[in-house]
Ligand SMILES: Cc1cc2nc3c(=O)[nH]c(=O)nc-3n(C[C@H](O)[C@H](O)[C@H](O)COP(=O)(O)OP(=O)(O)OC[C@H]3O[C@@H](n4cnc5c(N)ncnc54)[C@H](O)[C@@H]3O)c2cc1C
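So this first bit is one chain, no partners, the form predicted alone, shown in structure tokens.
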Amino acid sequence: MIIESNQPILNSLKLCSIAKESVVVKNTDELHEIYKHIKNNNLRYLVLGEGTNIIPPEFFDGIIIKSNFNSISFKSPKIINVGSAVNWDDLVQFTLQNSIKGFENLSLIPGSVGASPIQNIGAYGADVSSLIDSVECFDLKKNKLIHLTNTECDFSYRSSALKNSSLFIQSINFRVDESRVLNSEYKSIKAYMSSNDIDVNQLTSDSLSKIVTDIRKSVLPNHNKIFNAGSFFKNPVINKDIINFHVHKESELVIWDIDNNLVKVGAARLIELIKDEIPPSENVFLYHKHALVLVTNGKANQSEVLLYAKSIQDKVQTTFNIKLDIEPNIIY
């Protein structure tokens, strides 16, 4: 195990960011060593995957801990164990090759498997929480291994009990459920199938994955070429009665009913309606194909990104009386 000093924090927003220390761990023994190192030096720490969902500072005064747990194996015919360092879309391709259903709608989501339960990643009508059986962790505060069931993870919309915790995710146990039904009900999937004359009865895991991949490529930028952290704001879940419809009519918004009291509001549409009133930034912009995606030119820092995001939040608040929450993890 090698601890390096003053290493760049890789992140898909391409923000200039340096960490005091950085280390890659590959087994539990090394995690015990890291625990001692953190305790003896009174260090802050951050567990980091591929950096596709973070907004890092210019300098992180602590240690970055990265995983090298990178195996995929069947623990039983009904459970696959996947190391936290495995790339998420590589896992999706593995499930397609092994006829494991449920991962199709999550195709091409950037990042590592270890990051997936923290934000409860989701897309096109699916959430990773529905696929997870349990999570194998190491507690960096208690210096011990922990096994969390799906229920103990306390999953919610783009969040979980793992977020901002002291847990290093070693691996995740995913359920293999042959009875799963393909999920093609999401609006953009149905529109794609209609425009391409695809019969729902002929749909397969592979073809649904291709549909999702095509849709993502058409609206979301490749973070290796256009620097971004995916959806920057969560779709707010609120009481419909609080929405201000004085400036824009209800018909102009995208609203999904959840229950008798709550609705989910499309954040992209809210931003689309007010984007022309957002003060310009030198290094941060809205992606021209998707208002929910903030991009940088590779010259920005955390302060610039958050200032631009706040101008969007403030305008949405004053126009619609709706609070937008930032989805990527802000590192201080």
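Keep in mind the model is a prediction, meaning the values are calculated, not measured. Numbers follow the displayed sequence, beginning with 1.
Another form, the form predicted in complex with this ligand, is not on view; read the next lines as being about it.
Judged by heavy atoms within 4.5 Å of this ligand in the predicted bound form, the contact stretch among the candidates 143 to 151, 93 to 101, 202 to 210, 229 to 237 is 229 to 237.
Contact check for Gln7: every heavy atom lies farther than 4.5 Å from this ligand in the predicted bound form. This ligand in the predicted bound form comes within 4.5 Å of a heavy atom belonging to Ser12. Within 4.5 Å of some heavy atom of this ligand in the predicted bound form lies at least one heavy atom of Ile169.
Contact check for Val295: every heavy atom lies farther than 4.5 Å from this ligand in the predicted bound form. Contact annotation for the candidate site: Ala115, Gly122 and Arg158 all lie close to this ligand in the predicted bound form (heavy atom within 4.5 Å). Residues in 186 to 209 all lack a heavy atom within 4.5 Å of this ligand in the predicted bound form.
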